[in-house]
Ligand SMILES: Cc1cc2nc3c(=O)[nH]c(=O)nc-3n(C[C@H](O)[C@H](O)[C@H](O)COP(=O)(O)OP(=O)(O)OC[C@H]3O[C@@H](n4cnc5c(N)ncnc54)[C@H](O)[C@@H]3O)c2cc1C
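One chain comes next, on its own, written as structure tokens: the form predicted on its own.
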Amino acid sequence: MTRTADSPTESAHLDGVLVVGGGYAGLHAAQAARRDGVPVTVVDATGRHDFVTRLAAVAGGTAAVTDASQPLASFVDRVEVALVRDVGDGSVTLTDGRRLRADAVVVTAGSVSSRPPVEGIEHARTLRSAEDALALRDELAEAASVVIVGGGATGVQLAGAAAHAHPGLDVTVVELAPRLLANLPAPFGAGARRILTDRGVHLHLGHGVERITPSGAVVDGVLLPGLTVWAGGFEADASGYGLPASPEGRVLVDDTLRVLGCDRTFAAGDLADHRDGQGRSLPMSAQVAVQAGTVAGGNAARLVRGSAPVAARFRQLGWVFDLGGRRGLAQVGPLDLTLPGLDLVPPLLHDAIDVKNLVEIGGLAALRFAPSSLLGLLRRGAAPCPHDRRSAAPLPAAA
């Protein structure tokens, strides 16, 4: 059942666990609680689950528009479409003034594209949501050139997909670091550079953007013309929640992912300040979100059932990137798949991980939402995806 914020319901107590946010951490938290037999309600601003790891391919044109998002009601039974204004210990207050209380709360919503003080940054597009991806897809289908600011995971995957799907599009990547994927082992940067340059992508490495205009980005005093996309990373956004946070804005949690100072509220995903065994802050990534959501949801259910929570133990499982056109980069344990020839394998791994995630959050029935590449492998590489318009295939609405 899905309800919207203007439903005629009063503030009330919800049995079981209340999850704020329907992303990767939120859905894994919900399913972990459900596996323990505890009822779950998910509160989300859009009422849909965005497949964030697919968005670069959707925007770039190597994946179908249906790969971007699906209704949350496809994965959980109780969905409340609303904005959360404040989070208490075991309760949330919505922007319409209602207060929802639960036996336990898991907060997972809270990251946005970073917006540093770059002159004219408001002229740049972002790529964080399904809505962003579909709008950008339409624009790229008509553009002559695109300037992607940021050579991290989002920027590299978008550049690879756009260059493959739109052979006539002039694609430029601007990255302040001296190499692509600077936060990952060097072979990733070298592999990304090889694939992108083979596709004619122009790279400006070791350069920052001075300002952004409606017609492009200025680098070293020279205007690089084109549609500008800001892919410079993400930052936590817990504004208004009233929870203890780090200087970076990430909610502080203990080793069980319970919010500091709270008894019945947990936090997981990009919003939370997750740390490894050495106390180092972990990056905002899907694999961290999945692990954290599972632990937080399980601990919330344990709290409801009167059991003791368990400590989170995070594992670095590796990295997998799909650059479109049956090319990608991966490192899984000691296995390095960043060299020529071997880069055919990562897109298959990317899809396999996607399918595993679907089964975990929605069972076998969720396989109907598998990536379009699995339904038509010839589309990946032999020919770009048709540039279907958003008007012809809108975002799935909440049921």
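When you see a residue number, it is the position in the sequence shown, counting from 1. Nothing here was measured: the structure is a model prediction, and the numbers come from that model.
Although not depicted, the form predicted in complex with the named molecule is the subject of the following passage.
* Counting only non-hydrogen atoms, choose the one of 115-123, 98-106, 80-88, 190-198 that falls within 4.5 Å of the named molecule in the predicted bound form. => Partner-contacting stretch among the options: 80-88.
* the named molecule contact in the predicted bound form: Thr172, any heavy atom under 4.5 Å -> Looking in the predicted bound form, residue contacts with the named molecule do not include Thr172, since no heavy atom lies within 4.5 Å.
* Even though the named molecule is not shown here, does Phe321 get within 4.5 Å of it in the predicted bound form, heavy atoms only? -> The answer is yes: Phe321 has a heavy atom within 4.5 Å of the named molecule.
* Asked: in the predicted bound form, does Ala45 have a heavy atom within 4.5 Å of the named molecule?
  -> The answer is yes: Ala45 has a heavy atom within 4.5 Å of the named molecule.
* Please run the contact check for Ala141 against the named molecule in the predicted bound form: heavy atoms, 4.5 angstroms, yes or no? => Ala141: no, not in contact with the named molecule in the predicted bound form.
* Would you kindly say which of Val147, Leu303, Leu127, Val259 lies with a heavy atom within 4.5 Å of the named molecule in the predicted bound form? => Exactly one residue meets the criterion: Leu127.
* Listed residue (Leu337, Leu358, Val38, Val52) with a non-hydrogen atom within 4.5 angstroms of the named molecule in the predicted bound form -> Comparing distances to the named molecule in the predicted bound form, the residue within 4.5 Å is Val52.
* Could you list the residues in 273-290 that come within 4.5 Å of the named molecule in the predicted bound form, counting only heavy atoms and keeping sequence order? => Result: Met284, Ser285, Ala286, Gln287, Ala289.
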